[in-house]
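In the block that follows, a single chain appears as structure tokens, in the form predicted on its own.
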Amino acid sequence: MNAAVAKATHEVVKDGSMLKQKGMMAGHYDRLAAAGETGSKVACTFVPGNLNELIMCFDLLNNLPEVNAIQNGLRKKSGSFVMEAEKDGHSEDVCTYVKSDLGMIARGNIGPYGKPLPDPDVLLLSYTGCFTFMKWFELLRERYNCETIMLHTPYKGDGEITQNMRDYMVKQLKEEVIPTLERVSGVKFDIDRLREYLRESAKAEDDLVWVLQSAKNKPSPIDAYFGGIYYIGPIFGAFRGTEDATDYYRYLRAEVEARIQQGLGPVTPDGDMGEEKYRLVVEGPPNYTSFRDFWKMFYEEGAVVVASSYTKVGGVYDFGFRHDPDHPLESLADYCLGVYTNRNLPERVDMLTNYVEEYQADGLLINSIKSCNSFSAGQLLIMREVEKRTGKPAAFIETDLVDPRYFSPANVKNRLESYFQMIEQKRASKRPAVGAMA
């Protein structure tokens, strides 16, 4: 469907990989809804530090609370859930992922696809820098009275993974995490099974990195922030380590290769994007309750996001990390230690500076999330430092994750338009004056 037809019919255009991803997610929620009938046991965990390969070794279904909040946000259900949680006494300043999840549970725990979600048999927290996750699981533990496992990930305060950190995490995996998962599931741990899953993960990670780095092309064939939300879904959630994920990323890569060959930009909800005018790097999560309207403010101006920190929140693969089947437990430790939320501010500045320069971006845009402290802390410092190092203009907008009360379309649009004007002024200042000597 072309853009003109899409606009006339108000249908959302999706490419094949987006439809494939949607089908995968629907199938996963069907499996969760059927857990009571099939006898499947369920683990709840979070995206950063997600040990999906290990969870699958025990035949557990993986239910991710923040993914439920995202899916409810995209379906415009989260606002009422957030207010439900606030009625129960949760502060307006609490992460809206948490309140969306708790509000959904309070209203019967009907999932994003309209089917009830099962109670968890175990809560697995791979702690990677977000303190809110700890309190969230404390609340869920009180409600469900189930086993809770905490895998503590040391903070990379000096920006390096030391052998002591790795050993500390492997010890926890061997002595606490794996024995508890064995007891809950009744399945004996098989390290060779874990190796097979990790082998599949590495294949998918190779293709994901290729897709994300395709944005170095001009025009970029992808949007690495809005489109990137679809691309990271399987690998950051319940599919990493599966053949389904490997197939998906192989399919996605072929799709993007075709767009490069045709000289096409990203697919948007209104069809192929027109002329690429601005190339941006974005820091911070998107707003999900007005996701399409938010995205539209970019592509209608010809702005494409060529790199983003948010697409690294569940794993930073483009700087070389891959899950390693030859060192399975050490690999899980290194994965948790390296995720974006466990990186210090200098590392984040280095990453974003690298993206601005390597992807030939026009500048950095920060979307500061009102209720997300793990992302928002230090963002003004990050903005100033990246601007200083790159000489490219930076800008700051504010929204929220899944609370529609904190998305102001007029305010965001005005700030974006001002930013694009800044970029134009920066370009104009670098052009030689008319009549100037060569």
Partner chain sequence: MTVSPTTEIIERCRALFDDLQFTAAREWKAAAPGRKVVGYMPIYVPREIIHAAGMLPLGVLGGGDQLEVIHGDAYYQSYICRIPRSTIELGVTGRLDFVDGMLFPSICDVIRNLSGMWKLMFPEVYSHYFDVPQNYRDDIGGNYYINELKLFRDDLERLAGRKITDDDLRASIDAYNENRRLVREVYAYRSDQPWKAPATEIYLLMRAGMVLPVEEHTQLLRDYLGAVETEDRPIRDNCRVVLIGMFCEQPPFNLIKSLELAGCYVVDDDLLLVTRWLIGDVPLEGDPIENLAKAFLHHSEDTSAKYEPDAAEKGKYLVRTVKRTGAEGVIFAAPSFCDPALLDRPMLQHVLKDADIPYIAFKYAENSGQMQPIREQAGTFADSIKLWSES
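Residue numbers count along the first chain shown, from 1. Since the model is a prediction, treat every value here as computed from it, not as a measurement.
Although it is not shown, the form predicted in complex with its partner chain is what the next lines describe.
- Annotated contacts: G79, N109 and D272 are all free of its partner chain in the predicted bound form [non-hydrogen atom within 4.5 angstroms].
- Using a 4.5 Å cutoff between non-hydrogen atoms, I369 counts as a contact of its partner chain in the predicted bound form.
- Contact annotation: C130 falls within 4.5 Å of its partner chain in the predicted bound form, judged by heavy atom distances.
- By the criterion of a heavy atom within 4.5 Å, P346 is counted among the residues contacting its partner chain in the predicted bound form.
- Using a 4.5 angstroms threshold between heavy atoms, E92 counts as touching its partner chain in the predicted bound form.
- Of the candidates E357, E176, E300, E182, E176 is the one whose heavy atoms come within 4.5 Å of its partner chain in the predicted bound form; the others do not.
- Only one of the listed residues (R250, K87, K277, K135) places a non-hydrogen atom within 4.5 angstroms of its partner chain in the predicted bound form, and that residue is K135.
- Here the chain stands alone, but in the predicted bound form its contact with its partner chain, taken as any heavy atom within 4.5 Å, falls in 392-400 among 46-54, 23-31, 60-68, 392-400.
- Residues S376, A377, G378, Q379, L380, L381, R384, E385, R389, F396, E398 are the members of 376-402 with a non-hydrogen atom no more than 4.5 angstroms from its partner chain in the predicted bound form.
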